[in-house]
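The chain below stands alone and is given as structure tokens, in the form predicted on its own.
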Amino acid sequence: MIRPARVPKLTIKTTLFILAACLAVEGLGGLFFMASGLYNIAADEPHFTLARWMLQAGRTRSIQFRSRGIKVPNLRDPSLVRNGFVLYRKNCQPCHGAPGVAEQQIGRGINPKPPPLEIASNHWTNSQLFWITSHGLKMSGMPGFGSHLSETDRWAIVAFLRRIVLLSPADYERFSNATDLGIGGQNFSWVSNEDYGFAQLKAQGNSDRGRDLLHQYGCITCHTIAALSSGNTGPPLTDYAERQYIAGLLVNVPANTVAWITNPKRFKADTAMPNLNVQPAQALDMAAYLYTLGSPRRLTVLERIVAGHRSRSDY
């Protein structure tokens, strides 16, 4: 029997020495780079690509690790959501803005820029949002509210963040006015009983027919649509599923997409989008194709909210 040749001990020692030397050189190089002051930490200059990726990846993994095991309460409680709305306006809106409301001056010039939470909240679970709200994020300007907000108040903010994705700019303005008048928003339904067209889209929408209809009605002439056209008259429809609003007015959900395609003038009289006499069934097929464009993450979160899985689900 032929025995495998043994690796000489000298080779192993040499390999280990080289690895140790490389690590030492890398560490010294990093210390030298830090001491040199060459890296620009100005907030008005973006990180270079590798640094941005490392910071974002490290942030995400850290939040995922530290938020494990956090028990999520019932986030459907209307009083909790209303309280979260009040707390959001006071603590979050200045930097992050809100539907139809731009961030204040204090939220500008921060690097990384505070994202609009009606979009960014879709990327985090309930427990992760609670952890971020409680502890904040280093090197981002995001403060931790655990020092001055109770646990209930912090969950209230999370509860509202799960509703903000379904609020149009007009909805947010109505809630703000009601709160300022002392009504507290109790006369408004925070989440409609309808399913916003998700069930109908799944049951009846045909993306293949929708693609053909976008050709038939000339949509490709005005809009850039992935793999179909490069029109530049109207806004691009690439990544349509990821868009939060339609024409800056309507929350981007299937029912609103169908309504907009069918009769855009009903919602915005001066829109350049013409009424093309598209029938609702045809508009549903067109919507089915548009929702294949871009990541489905946002729509998945919205569907879970309106389907009733939002009570204790940690998505």
Partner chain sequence: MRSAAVFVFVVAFLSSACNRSENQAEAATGGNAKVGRHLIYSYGCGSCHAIPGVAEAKGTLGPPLQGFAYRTYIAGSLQNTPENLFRWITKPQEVVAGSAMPDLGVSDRQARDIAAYLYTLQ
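This structure is a prediction, so every number in the text was calculated from the model and none was measured. Residue numbers count along the first chain shown, from 1.
Keep in mind that the form predicted in complex with its partner chain is missing from the display, and what follows is about it.
*Asks:* Go through 196-204, 156-164, 99-107, 77-85 and give me the stretch that gets within 4.5 Å of its partner chain in the model of the complex, heavy atoms only.
*Replies:* Stretch with heavy atoms near the partner: 99-107.
*Asks:* Does any part of A281 reach within 4.5 Å of its partner chain in the model of the complex? Heavy atoms only, please.
*Replies:* No.
*Asks:* At 4.5 Å between heavy atoms, is R68 in contact with its partner chain in the model of the complex?
*Replies:* Contact check for R68: no, nothing within 4.5 Å of its partner chain in the model of the complex.
*Asks:* A259: heavy atom within 4.5 Å of its partner chain in the model of the complex?
*Replies:* Judged by the heavy-atom cut-off of 4.5 Å, A259 is well away from its partner chain in the model of the complex.
*Asks:* Even though the partner isn't displayed, in the model of the complex is H135 close enough to its partner chain, meaning a heavy atom within 4.5 Å?
*Replies:* So H135 does not count as contacting its partner chain.
*Asks:* Would you mind picking the one in N177, T233, T152, S147 that has a heavy atom within 4.5 Å of its partner chain in the model of the complex?
*Replies:* Of the candidates N177, T233, T152, S147, T233 is the one lying within 4.5 Å of its partner chain in the model of the complex.
*Asks:* Which of G141, P169, P73, G210 has a heavy atom within 4.5 Å of its partner chain in the model of the complex?
*Replies:* It is P169 that has a heavy atom within 4.5 Å of the partner.
*Asks:* Residue by residue through 51-83, which ones have a non-hydrogen atom no more than 4.5 angstroms from its partner chain in the model of the complex?
*Replies:* Just R52.
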